[in-house]
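Listed next as structure tokens is one chain, alone, in the form predicted alone.
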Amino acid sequence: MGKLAINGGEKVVTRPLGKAWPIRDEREEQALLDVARSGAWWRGAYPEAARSKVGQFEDAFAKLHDARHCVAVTNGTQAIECALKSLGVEAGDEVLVPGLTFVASATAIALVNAVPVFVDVDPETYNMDPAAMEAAITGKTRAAVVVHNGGYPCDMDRVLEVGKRKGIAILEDSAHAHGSQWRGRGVGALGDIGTFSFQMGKTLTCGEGGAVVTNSSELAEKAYSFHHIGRLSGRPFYEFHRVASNLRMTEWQGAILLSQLSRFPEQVETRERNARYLAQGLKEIEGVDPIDRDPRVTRWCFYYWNFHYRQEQFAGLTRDRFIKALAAEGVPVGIGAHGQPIYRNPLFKRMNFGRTGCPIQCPLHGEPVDYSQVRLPVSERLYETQALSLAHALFLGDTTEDMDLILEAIRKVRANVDELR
């Protein structure tokens, strides 16, 4: 029998780490009861001067992210669609998107009839590489969807400089980054417009939901209209100005989000404290490295905490074997970024865009596109050999005891690596 749990040895972690997610108590129950009793289950039940639960949440969430405007919507995917429409993205346009993120960052582009163009990422942050972003810009590029992967902010100084110089809009996909800050300012409204998700696993959740934030009054008005069937604020209710869908958030969701927001600051502080402790411990273990945190990242509110595996420093042990060994020790480790590069999904490899092939084969675009030929070497290497991640709920322990257990498990695997090779 070996020392490692994967070989029959005693495991390091014998209880759940962190806290079960989502965290809830009587506040959520009372909030839902209040909505039920009110009989006003959608924001339209309130006069314009009054603030519904959704409206109250929009105000609070905008403040959290240093944004002037927030429009709450049905989910994170449709938040991106709404934001792209607000930016004027249409058929024939190209929109840049990192190859290593959740598929919705790209499919939302196709759903507004534009063409996704995949861009490689920075190997140390897993975010879109600004140099690769600039190199991918063509005369058809209208915007870039930059994703704060895992909640770690992109290099917004470089991204915004490229966007301004090249004349393209910057949309921040902040689905992982509720509360994260770059140079002391909340992500999402640093670029032209930003989006968030409140899906079940996110650090701020109501089961399903999303938001669009911006500092532009013009873009906010468009986002409001696109989420509200083409209506304009202050105009007659049955007067419609744009071709648009109904993306309105319900009062139930708004009430839950307000309750969740009440405990959010404490959760952010707890995650940050534990993450810093874990990062310091990882620096002492050869073969695993935390992200070298940029001092401009003044707050990192992560959906999952990315870090690095260095196979060449870990006696040649493959990353996937390392993950299995840690899982056996009781530490659930993922690879972040929701799996393989987006363009490796059957949708893109098989060019499965329906009978007409639009928008990819749209005559307004007029350029050949074959995603089966896309190769982003950094994204592929990270997915296959380097990327590691830990879910945010693992960092919600009241003390650093859970972090010590994670470190102990990694040290144990490192010390007994010969058992695995």
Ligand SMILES: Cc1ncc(COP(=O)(O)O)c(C=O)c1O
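In case it trips you up, residue 1 is the first one in the sequence shown, and so on. Note that the structure is a prediction, hence the values are computed from the model and not measured.
The protein also exists as the form predicted together with the ligand; that form is not presented, and the subsequent description refers to it.
When contacts are judged by a 4.5 Å heavy atom cut-off, Val268 does not count as touching the ligand in the model of the complex.
The ligand is not drawn, but in the model of the complex it has a heavy atom within 4.5 Å of Ala175.
In the model of the complex, the ligand lies farther than 4.5 Å from every heavy atom of Lys222. Under a 4.5 angstroms non-hydrogen atom cutoff, the ligand in the model of the complex has Thr101 among its neighbouring residues.
Distance criterion of 4.5 Å from any heavy atom to the ligand in the model of the complex singles out Gly76 from the list Gly179, Gly76, Pro116, Pro153.
Only one of Thr214, Asn306, Thr203, Ser197 lies close to the ligand in the model of the complex, with a heavy atom inside 4.5 Å, and it is Ser197. For the marked spot (Ile80, Ser105 and Val147), a heavy atom within 4.5 Å of the ligand in the model of the complex is present in each of the three residues.
Of the candidate stretches 343 to 351, 167 to 175, 293 to 301, 255 to 263, only 167 to 175 contains residues with a heavy atom within 4.5 Å of the ligand in the model of the complex.
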